[in-house]
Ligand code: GLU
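Form predicted alone, single chain, as structure tokens, below.
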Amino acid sequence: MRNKNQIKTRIAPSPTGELHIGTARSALFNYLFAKQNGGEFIVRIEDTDKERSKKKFEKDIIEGLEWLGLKSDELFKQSERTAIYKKHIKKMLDSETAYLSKEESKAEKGKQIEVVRLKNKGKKVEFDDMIRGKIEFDTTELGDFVIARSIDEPLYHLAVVVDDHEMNITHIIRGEDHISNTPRQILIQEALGINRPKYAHIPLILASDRSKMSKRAENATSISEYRKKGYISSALVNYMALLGWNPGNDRELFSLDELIKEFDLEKIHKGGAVFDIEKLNWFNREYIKKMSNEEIFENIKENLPYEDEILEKVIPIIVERINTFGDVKKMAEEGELDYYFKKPEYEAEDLLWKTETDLNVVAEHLQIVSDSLEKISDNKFNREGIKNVIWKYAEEKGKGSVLWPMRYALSGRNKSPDPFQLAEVLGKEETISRLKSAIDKIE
């Protein structure tokens, strides 16, 4: 049996679009607060808007929350709760705290419909917000507002109040854009004679120009987009937790369990939190570094269908250059990694460094480099060993003049890792073979 004093929070997304990062951050704060206090976190799908609600969005929301690790203790759908709303509407009509009003339909001109309006006495409403302190509203200007289209069709404010009461929600943690909804909901609570939950209105997530993070923002706004881009769920959770909250020190990396211990609702800032994609990328890179070699290999292999032996050698280079595992796929599509797996194609003139014009000099440098590499034993053919035998010569003749043609002969690209790293990955035999091919191309 549930303890009536047990803390219970909820997230109540509408399935009219994909799971937004702002909704996900609100869900995270609700989850952390509930779990920190030994309470429950529920998900309530607000799908009473029959025209705009879609099953695919409902699926996206539920799967997105699960991917983030925010497992709900219960799942509800408003569309399955019509009888409960009807009972409460009838109670308000019977107690005369609400009344039926015949009005012209906004959807169909000339058609009369019977809506339910709350009797509003126009009083001042005051509540204590756990983040913002005392907030006061004069409800006179709200008038007798509509709470249901009919006895069978509750509107948002009534459904929310009824659900929060019936589900024993103790704390409502939501975006600050809901502050203006609170006085209406308090009036409905009072009309129904039910207890008021505690409120905490968190700052909105802002785009870089400090505007509200919308679907037109420069960064992705839905959780599914971040999944597709190859972000790690725990990195996204870690970053979202610090959008509007910090532990009071310089620490930045937290697992979900650590966040449950450290999170403090009353330390949430009042000001909006600017979403910084570079900071999220930093978090993601940190989480990639914490992964085992096997996990990294499996994630990279999904996007690079190459032979395992070379792939394992390339992994450290790839990890240095990516923010997400989705970047690996992009690198592969753009041919950035092809040179590891097949001989590059290029023109002999591409081997010339900057303003140099004599390809015979280039061929001489490449021959000396090749001869030097021949002398390295197989077990010492690594980045340091390769650099040791070439560096002195490169300094004498000009590092660009020697190392540029070496690197280009191995990769065939203007941008690639340094030639010592390339040679280590390719191995002695393939490296010397590519250098000889470059010399042949010149001659």
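None of these values were measured; they are calculated from a predicted model. The numbering used is simple: start at 1 and walk along the sequence shown.
Heads up, the form predicted in complex with ligand GLU isn't pictured, but that's what we're talking about next.
Contact check for Arg10: a non-hydrogen atom falls within 4.5 Å of ligand GLU in the model of the complex. In the model of the complex, ligand GLU sits within 4.5 Å of a heavy atom belonging to Tyr156.
Using a 4.5 Å cutoff between non-hydrogen atoms, Ile268 does not count as a contact of ligand GLU in the model of the complex.
Using a 4.5 angstroms threshold between heavy atoms, Arg174 counts as touching ligand GLU in the model of the complex. The candidate spot formed by Ser14, Glu46 and Val160 lies fully in contact with ligand GLU in the model of the complex, as each residue has a heavy atom within 4.5 Å of it.
Note on the interface: of 174-182, 205-213, 221-229, 107-115, the segment with non-hydrogen atoms within 4.5 angstroms of ligand GLU in the model of the complex is 174-182. Taking ligand GLU as it sits in the model of the complex, the stretch 407-438 never comes within 4.5 angstroms of it through any non-hydrogen atom.
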